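Encoded as structure tokens, the following chain is the form predicted on its own, with no partner shown.
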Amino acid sequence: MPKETFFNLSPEKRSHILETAISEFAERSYTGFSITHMVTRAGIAKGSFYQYFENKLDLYRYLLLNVWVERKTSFLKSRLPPSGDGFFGAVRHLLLTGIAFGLSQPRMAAMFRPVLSPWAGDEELGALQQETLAYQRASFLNLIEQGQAQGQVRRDLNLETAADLLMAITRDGIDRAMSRIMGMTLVELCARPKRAAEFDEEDRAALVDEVVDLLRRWLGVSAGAPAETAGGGIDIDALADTRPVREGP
């Protein structure tokens, strides 16, 4: 977590430091990232870096679990699904919009590719990967609970197991499908805009529709069962609030 000194900087200077770090991580990878090179590029003293962050991992973790999440949350909230689509319609919209966000952030996809890939390949990143997976799992658990509260997701589920399986389907399952279709995982595709252009909106919709149909058959209440609410939708803020990192002062 950044130190209070970092949050005392002007918003413009904080943004400049973070954007410079994103570029450095994207171009050099986590293992090749150099604090010396980054601060020179940002135009700040090396000593200042350690007044803002503990080390490289502290900065990377903040970018992943705070900056990325905040930007994605803002992106999703600016593109809310039409009302009346129900819970599973909202899930479909959430998946499609999440993919669109990733495709719009090739630099961040490139920088996070090591930790969002199945094997981190680095002891520090391995620990961060487990933390990231725990956050994602908590988000999936919250998503199921929201569906249950709306009366559109079965209440006879073991929530812990359901969260595990939902994560496997929507995260690992989509990655496996992408590897079969495009020869790379989703985050790898997001980092390569020219290649990503070959996987157009129609392709994305076809893949997501298959996923949502499977989820509806598994998680949905029985046909004819009364729903507790007529609406749907998803509380995006509640999903984001499961993350372990918060904004500072």
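Residue numbers run from 1 along the displayed sequence. Nothing here was measured: the structure is a model prediction, and the numbers come from that model.
Another form, the form predicted together with another copy of the chain, is not on view; read the next lines as being about it.
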| field | Per-stretch contact check against another copy of the chain in the predicted bound form, the hit in 64-72, 23-31, 36-44, 190-198 (non-hydrogen atom, 4.5 angstroms) | value | 23-31
| Pick from 138, 103, 149, 169: which residue has any heavy atom within 4.5 angstroms of another copy of the chain in the predicted bound form? | 169
| Every residue in 59, 107 and 131 with a non-hydrogen atom within 4.5 Å of another copy of the chain in the predicted bound form? | no
| Might residue 205 be said to contact another copy of the chain in the predicted bound form, defining contact as any heavy atom within 4.5 Å? | no
| task | Mark residue 85 yes when one of its heavy atoms lies within 4.5 Å of a heavy atom of another copy of the chain in the predicted bound form, and no otherwise. | result | no
| Partner contact for residue 158 in the predicted bound form: another copy of the chain, 4.5 angstroms, heavy atom | yes
| query | Though only this chain appears here, would residue 182 touch another copy of the chain in the predicted bound form if you measure heavy atom gaps against 4.5 Å? | reply | no
| query | Does anything in 183-214 come within 4.5 Å of another copy of the chain in the predicted bound form by heavy atoms, and if so which residues, in order? | reply | 187, 207, 210, 211, 213, 214
